[in-house]
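Next up: a single chain in structure tokens, the form predicted on its own.
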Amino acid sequence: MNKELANEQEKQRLKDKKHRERQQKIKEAVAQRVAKATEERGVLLVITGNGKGKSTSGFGTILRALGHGLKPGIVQFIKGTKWECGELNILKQFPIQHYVMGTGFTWETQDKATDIAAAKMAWEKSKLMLSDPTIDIVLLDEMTYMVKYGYIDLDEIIETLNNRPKMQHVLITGRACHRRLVELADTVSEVQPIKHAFTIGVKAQKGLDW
């Protein structure tokens, strides 16, 4: 074995050793964080931002919960009753509580009184789920708009969330989530757009967008 080859092998050995040491430190740090996470209770998650995928993430979490035998509840705000929803084509095969506000977007109804009445009814359905200890996880899909428009009282929402069953998880999705809900939440993810096909004239696609 020549000297040059031996030097290269020694360099590689040192690189491998440093890599193992770095990975061991990471492993120990993760183990410490895991050891400290001992509290067991329901978690409030907010998925907000202007990017695509907020509702999809919420429905995906519901599907995950079903896979573990948990019981979910879903309330969809800003959805029309005639709109097809690919996620629900799967989820409705399971015994889940589900309610759709039914009016669609405000620019479609152009009737504020109708929208407020529909929002309040959807919120009443939400409150029933948020007080039911047999429901393990509740998805309030696109509820942030109801707060932004002032259709549902924010103080009442916060009080209901604070008084829900201890082990119940809640997901809230939608753009422009109110800062008080962000502060209340345990986990907040903000989805930001980089590019979107719709902005260059590509129509919404079945199975991809709805």
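Quick note: we count residues from 1 along the sequence shown, nothing fancier. This structure is a prediction, so every number in the text was calculated from the model and none was measured.
Beyond what is shown, the protein has a form predicted in complex with a small molecule; the following relates to that form.
From the list 154-162, 26-34, 179-187, 45-53, the contact stretch for the small molecule in the model of the complex under a 4.5 Å heavy atom rule is 45-53. Although the partner is absent here, Gly201 sits far enough away that none of its heavy atoms falls within 4.5 Å of the small molecule in the model of the complex. Within this chain, Ala6 is remote from the site of the small molecule in the model of the complex, having no heavy atom within 4.5 Å. Of the heavy atoms in Arg175, some are within 4.5 Å of the small molecule in the model of the complex. Heavy atoms of His196 reach within 4.5 Å of the small molecule in the model of the complex, making it an interface residue.
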